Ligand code: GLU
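The chain that follows stands alone, in the form predicted alone, written as structure tokens.
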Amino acid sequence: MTDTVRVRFAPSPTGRLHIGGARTALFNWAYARRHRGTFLLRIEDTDPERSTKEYERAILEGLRWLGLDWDEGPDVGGPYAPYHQAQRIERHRVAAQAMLARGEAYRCFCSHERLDAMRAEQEAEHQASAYDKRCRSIPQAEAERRAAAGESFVVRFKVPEGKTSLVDHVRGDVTFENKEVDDWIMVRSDGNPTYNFVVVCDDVDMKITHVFRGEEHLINTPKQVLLYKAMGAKPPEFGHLPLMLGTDRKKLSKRTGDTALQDYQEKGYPKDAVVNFLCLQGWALNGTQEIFSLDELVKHFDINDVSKAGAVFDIDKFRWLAGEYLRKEPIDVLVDHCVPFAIQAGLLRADEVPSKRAWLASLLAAEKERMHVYSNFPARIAYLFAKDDELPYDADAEANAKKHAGRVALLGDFQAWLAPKLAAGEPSAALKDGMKAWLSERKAKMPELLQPLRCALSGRAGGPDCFDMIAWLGPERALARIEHARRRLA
């Protein structure tokens, strides 16, 4: 081991990056950056049937989208390459042979039928399922002879007697009774090594000093600590991060929230909000400040401050946080982030954006207070793209507009007042002031006009200022919508 901090994130490219995995990567990265150490990315692709390059690319793109970089990895190289686990298989096999030679592992020739019968008997006796160590007593020379003769076998780790203790940075002192640890399989009968074996081989080779990972891996820790010692290596320091729970207090699943980082990218959550929220899943800056930057995370992150209690993934809080970040963005940046969703919804074409950029900026300046994520934008502005004579009316908007017949009549009088002023190009501020004076002369209250007008322009009961909507629609379309409303609401 080295005195320099070396941490790793080692995802399996068998699916999209889990939001919990993204948090694990974030905490490892922050720890490395705070301690001026090395953050290493290793791809654990030893499951050839499920691993794909597409998933691998998506994982790397997701991590970069979060703002994370790595000092060593499959795409940047490093002194301990290769960083694809599947390319290190020969090294793993050599290590297994060395352990067999030292007597720290043994060949097991038990058939599947025998193992199945043993497990069935243990289950009937209400015993924990574990290998009975039958092949552990086979002399090494005999085991080598049987293997050379072509008899099928697996390689099992020879768990020693005693206890295994460690200090976990999150969970504190942890002790396991070795008798509770099975003589687990290191190498399968097809010659391929298993996860618990290869991960230790690679961590030793890559001089990993700290392993921070999800709580679900705690069950693997005694196996791995014993393996480090059998290899003559100092185990790294461990920290097992709390589970991410849904609001039902069960492990996060599709029932209570999206589970992949990409889901939140596709829904238009601001990147900085995602980073901030992930940090809050088990860690807090100071107990009171909920909004903070990546730089503040690096400055203050301490693995010992991570809670061991499960972190509740509160989607409502996430949406609130997303809205806070969205509204802080400069309008030009917000346009860039929101327009792709409008294009995807079919409201705009990409080639129209440059000429409509000022118009879009005006829309976002008015609508951002009502938005949480970028993907809210198309629904907020869809009414502007509807055909003027086919604009759908919300039930509340229509009910407000038709509270009494006088409202529709007032809307018609307003249309006659408005038309020449729009033709003359009066600005919105002057129109608004003029409308107030016009209403005052008729002894009418603002809702009597604005509620049917809002329904006519947008079909909604609430939203932006009516005179902003008139400006966005333009004189011809605004007057056409008022005319259609007079007929529909009568």
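Because the structure is a prediction, the values reported are computed rather than measured. All residue numbers are counted from 1 along the displayed sequence.
Keep in mind that the form predicted together with this ligand is missing from the display, and what follows is about it.
Engineer: Using heavy atoms only and a 4.5 Å cut-off, decide whether all three of 8, 195 and 217 touch this ligand in the predicted complex.
Structural biologist: Yes: 8, 195 and 217 each sit within 4.5 Å of this ligand in the predicted complex.
Engineer: Please pick out the stretch from 326-334, 195-203, 373-381, 393-401 that is in contact with this ligand in the predicted complex, where contact means heavy atoms within 4.5 Å.
Structural biologist: That would be stretch 195-203.
Engineer: Would you classify residue 223 as touching this ligand in the predicted complex, given a 4.5 Å non-hydrogen atom cut-off?
Structural biologist: Judged by the heavy-atom cut-off of 4.5 Å, residue 223 is well away from this ligand in the predicted complex.
Engineer: So, residue 213 and this ligand: in the predicted complex, are they within 4.5 Å at any heavy atom pair?
Structural biologist: Yes, residue 213 lies within 4.5 Å of this ligand in the predicted complex.
Engineer: Taking this ligand as it sits in the predicted complex, is residue 448 near enough to touch it, meaning that at least one heavy atom pair lies within 4.5 angstroms?
Structural biologist: Residue 448 lies outside the contact set for this ligand.
Engineer: Please run the contact check for residue 44 against this ligand in the predicted complex: heavy atoms, 4.5 angstroms, yes or no?
Structural biologist: Close contact exists here: in the predicted complex, residue 44 approaches this ligand to within 4.5 Å, heavy atoms only.
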